[in-house]
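Quick heads-up: it's one chain on its own, the form predicted on its own, in structure tokens.
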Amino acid sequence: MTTPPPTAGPTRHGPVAERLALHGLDYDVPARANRLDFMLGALTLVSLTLLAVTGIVLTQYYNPAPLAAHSSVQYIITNVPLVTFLRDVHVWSASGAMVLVFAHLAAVFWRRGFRNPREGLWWSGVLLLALLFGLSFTGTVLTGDQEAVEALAHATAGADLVGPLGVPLQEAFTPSTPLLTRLYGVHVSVLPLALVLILGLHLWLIRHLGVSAAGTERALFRSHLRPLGGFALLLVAVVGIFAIALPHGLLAPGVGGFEVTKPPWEFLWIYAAENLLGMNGMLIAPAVLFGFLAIVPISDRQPGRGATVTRVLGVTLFVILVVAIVYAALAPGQTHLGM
């Protein structure tokens, strides 16, 4: 008769820990989950927390009126050094969250952590990625500079292409409120609320379905928090260093009808698609990416030809995505509106 591997014994808690029910952290997880590649999702949550905290501060200084948006950001940069630093932390935290969630999805894809019963975990993660893109876009247009004006013009042009589905992105949707002001509301309320709801579902599923880590060795989740805390502090330090060393600038107030900038790096793959396919590329590229991510748990349910094809397509798509970003960053700027 084989004796099962021992698990860690119960942990004693002080009176404060007992009242906070911290004993709920003393559940078993695979010991392999203490590796960095299993902490990418939690580190994404750290970046999102930085975004939320710094965003709350920024809302106290930002004016979402179209004629005042740019000057309010300019006021922050020229008159409030601490808030300027927090703005740069906000920008770099957004980039960090995007990198981490992509890395997290790639790691889960590679170890096939989306298979039964974790399909819901995968799909909720894909939704979180889509919401991060929405937050990045709405955050970009709020500055009112040239990059913001061009980003908004591309969005409204894309809204025209999809017909009735794009009506909310038209100025005439609610004539009483400017589009920029409405997008500010989406950025600070609608998208964060959706993010919290989907994130709550994601964490609930992780708690009850567990992570897709192989091996029989077990450890308490509390032990997982120690290395995670160290990586979280390192992430905060790196974001702070980037915020100081590479502050995010502000271009001149935007002028419509010109295309002289490129979008933030996370949208460069769409910019590359526009270079090749015209304005339709702005719709085709995201449809291909998110369409593929949506069908992964269906096309790769079990070992076989479908799993092999899905793996090859996923790796190919990832390489194309990286190459497209590099190409768009290095290629001369092009005009797309009206193409």
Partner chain sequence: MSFYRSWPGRALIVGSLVAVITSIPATVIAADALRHPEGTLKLAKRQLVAGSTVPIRGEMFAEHGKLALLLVGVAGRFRLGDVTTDSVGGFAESFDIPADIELGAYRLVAIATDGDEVASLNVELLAESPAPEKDPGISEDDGGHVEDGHSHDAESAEDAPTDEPLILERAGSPWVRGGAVVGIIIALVGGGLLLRRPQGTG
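Residue numbers count along the first chain shown, from 1. Quick caveat, the model's predicted, so the values are computed rather than measured.
Not on display, but discussed next: the form predicted together with the partner chain.
Not displayed here, the partner chain is approached by Q146 to within 4.5 Å at the level of heavy atoms in the predicted bound form.
For I295, a non-hydrogen atom is located within 4.5 Å of the partner chain in the predicted bound form, even though that partner is not displayed. Using a 4.5 angstroms limit between non-hydrogen atoms, N79 touches the partner chain in the predicted bound form. Contact check for R207: no non-hydrogen atom falls within 4.5 Å of the partner chain in the predicted bound form. Across the proposed site, V53, W122 and A130 without exception lack any heavy atom within 4.5 Å of the partner chain in the predicted bound form. Picking from 133 to 141, 71 to 79, 189 to 197, 96 to 104 the stretch near the partner chain in the predicted bound form, with a 4.5 Å limit on heavy atoms, gives 71 to 79. Only one of G113, G254, G166, P264 comes within 4.5 Å of the partner chain in the predicted bound form through a heavy atom, and that residue is G254.
Heavy atoms closer than or equal to 4.5 Å to the partner chain in the predicted bound form belong, across 257 to 285, to the residues G257, F258, V260, T261, M279, N280, L283, ordered by sequence position.
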